[in-house]
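Heads up, the chain below is alone and in the form predicted on its own; it's given as structure tokens.
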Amino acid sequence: MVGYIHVILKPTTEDYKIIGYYLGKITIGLGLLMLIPLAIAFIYGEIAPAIDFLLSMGATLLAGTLLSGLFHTKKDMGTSHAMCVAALSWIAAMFVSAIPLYLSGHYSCFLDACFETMSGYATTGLTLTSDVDHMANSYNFWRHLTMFVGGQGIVVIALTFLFKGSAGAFRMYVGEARDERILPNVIETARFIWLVSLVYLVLGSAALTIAGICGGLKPAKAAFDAVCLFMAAFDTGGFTPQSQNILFYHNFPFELITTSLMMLGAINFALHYVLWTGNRREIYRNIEIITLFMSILVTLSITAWGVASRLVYPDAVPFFRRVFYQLFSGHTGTGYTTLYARQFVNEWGQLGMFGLTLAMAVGGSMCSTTGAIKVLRLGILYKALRQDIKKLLIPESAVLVQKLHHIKDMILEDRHVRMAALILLSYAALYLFGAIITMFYGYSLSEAAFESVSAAANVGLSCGVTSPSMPAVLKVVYMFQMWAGRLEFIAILTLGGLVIATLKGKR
């Protein structure tokens, strides 16, 4: 009988240098990013915010320079290094980006500012801002810019502007829950993602500006709000420059345009590339898009049935606008709403909230700006179930090959099914974890599940649980859920392994 001894090896000094060096470069990039809200502050003559951004930028650049200088190395990242850098970069982004928001005076403590920036980068939209209606434009723009950056990915920015092409670059790209090379080179893929985003930024902001002016906003206000709303809608976030969210505008064209932007943000960037290059048929053949529309139909039916039974919206048009908009916003992971938070509890009832919670739990497409389980994984599991049923009905000697179409024709393999099932179970555990903690503080199951799924699936809709006065434990739990849900676990598990190896590993 052969015995095996499993030895955990302690990371070497070179391992720490590689992680520290590349984390430092990303931190420098985050510091340079603050030049944008700094410019906004100068444009609007906001002196105090400008000083806050200068101080924050200086501290961030200093930290990044120290990291990259102290840990300087010419070695490329291995898989474990890249995963750890991807996970740590989001923590670093949360802390440094929270500094100017905390200095703004709109947050009761630094933890609340960190909650805001984690919610922004994770494109969640849950907010702890006090008096957002009177927040300086530069602070407000910074909140929305974190969503625009987080939707594309912090690592995608680094790959676009800071790193040269390498195997380590692709490993870091995968660590941020993206695994599709749209173009042959991962750097080119990152740049294409930014090209798509910037083109839509111009078109979407222009459409929202026109809708805002037609709705009674002054041109300057309409333009500023339009850019902010685009960044949050396309990146399936949920922040708005107003405390009442989209309800503030009372503008049907706004709802139509933001719905279109949500849809664009919820589909795979690889599908964007295929459509941009002229292959329109892909939208009808792609298993991801088919599953997305089926899921929207099912969850909308459940939600509409639950809300209709309570007779709170007697007229057909207001009923459809309220129910469909919230459902679509939740399913795409955006979090825009035309309702007050407690209306979900007081008017929708448990079945209506269940349908919306289910939609949030499913989410949008892979390699998009959304979080959650994602519809491609449901499509894969459905195909696997069909394959197993067919196997029971055909002779044992027959060979059954199950195909699916996602950008290209693929053969369904066990590894696809295994990974889809593993991620689904991981999300289910994350949803349950947050719900149990929330129920511990006295909330009902429907409220706890709604808020937990909203945080972990990076949606941002709230039924009233999230507020500056909620317990600090819940704030930390939701922050962890947003982080884990956005990165889809693998990078975080790798980082956890590094910590364990550091504490218990052997040389």
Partner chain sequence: MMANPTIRHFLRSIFNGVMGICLEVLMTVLFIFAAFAVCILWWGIFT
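Numbering follows the first chain given and starts at 1. Small disclaimer: the values here were computed from a predicted structure and weren't measured.
From this point on, the text means the form predicted in complex with the partner chain, which you will not see here.
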Answer among 321-329, 220-228, 131-139, 382-390 for heavy atoms within 4.5 Å of the partner chain in the predicted complex: the stretch 321-329
Considering non-hydrogen atoms and a 4.5 Å limit, which listed residue (345, 404, 304, 99) is close to the partner chain in the predicted complex?
304
Exactly one of 354, 71, 313, 107 has a non-hydrogen atom within 4.5 Å of the partner chain in the predicted complex; which residue is it?
313
For the three residues 200, 283 and 309, verify that every one has a non-hydrogen atom within 4.5 Å of the partner chain in the predicted complex; reply yes or no.
yes
So in the predicted complex, does residue 416 come within 4.5 Å of the partner chain, heavy atom to heavy atom?
no
Using the partner position in the predicted complex, report whether residue 267 sits within 4.5 Å of the partner chain, counting heavy atoms only.
yes
Would residue 209 count as touching the partner chain in the predicted complex under a 4.5 Å heavy atom rule?
no
With the partner left out of view, is residue 256 within 4.5 angstroms of the partner chain in the predicted complex by any non-hydrogen atom?
yes
Contacts from 244-282 to the partner chain in the predicted complex (any heavy atom within 4.5 Å), listed N to C, are 256, 259, 260, 263, 264, 267, 272, 275, 276, 277, 278, 280
